[in-house]
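Below, in structure tokens: the form predicted on its own, a single chain.
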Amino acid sequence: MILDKYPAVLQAVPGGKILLTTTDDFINLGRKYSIWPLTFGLACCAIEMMAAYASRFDFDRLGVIPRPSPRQADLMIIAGTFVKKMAAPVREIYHQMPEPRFVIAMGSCANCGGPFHDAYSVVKGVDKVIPVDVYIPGCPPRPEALIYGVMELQKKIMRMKLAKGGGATLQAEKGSRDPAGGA
């Protein structure tokens, strides 16, 4: 049951039970299981990303449901070769997404330019244009790697705290680093 892993206190009171938890944990639980990505399939990595949504891997079971509009999405998955011509539109679309927003760079091309890093038109990593939360290595990475990357992003989401102004921030623990390469 989800309450076994959830940081909460279940107490018996006359007439039933009451569940006590923090607002951060409650909101983060909803964010964790309702990730709506805006997908950018720019090259061969997009085929592996599509396979993750297919029936064999069934990405929907994690609450990852693709959205067609940046105003509805909270995750941007950049899969494939990221060229300079795409930099300005991707930055604009990133800023159209509501806060908190996350980015996954999928594949060697999105991470560092891949085999095309010497080409004049290729950006040497998406992180030169927008901040990246999780890097997924591989050429192309398997659908399991994308699922693992999203699971690492879910762990990062559960560590977020609400700021006094209402926005969410990540309170990083001292010396901790995301194993999937995120911040």
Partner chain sequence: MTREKVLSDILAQVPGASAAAAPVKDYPTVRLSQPSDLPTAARLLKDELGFDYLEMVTAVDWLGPTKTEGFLPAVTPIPFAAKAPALPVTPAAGPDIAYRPVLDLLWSFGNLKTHLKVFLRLEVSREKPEVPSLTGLFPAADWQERETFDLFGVRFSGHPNLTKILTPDFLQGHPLLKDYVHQPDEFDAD
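Positions refer to the first chain, counted from 1. Owing to the predicted nature of the structure, the values given are computational and were not obtained by experimental measurement.
The form predicted in complex with its partner chain exists for this protein as well; it is not shown, and the discussion that follows is about that form.
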{"item": "In the predicted complex, residue 84 touching its partner chain (heavy atom, 4.5 Å)", "value": "yes"}
{"item": "is_contact(residue 142, its partner chain) in the predicted complex, heavy atom dist at most 4.5 Å", "value": "no"}
{"item": "Touches its partner chain in the predicted complex: residue 129 (any heavy atom, 4.5 Å)", "value": "yes"}
{"item": "Proximity of residue 117 to its partner chain in the predicted complex, heavy atoms at 4.5 Å", "value": "yes"}
{"item": "Which of 150-158, 120-128, 49-57, 23-31 lines the interface with its partner chain in the predicted complex (heavy atom within 4.5 Å)", "value": "120-128"}
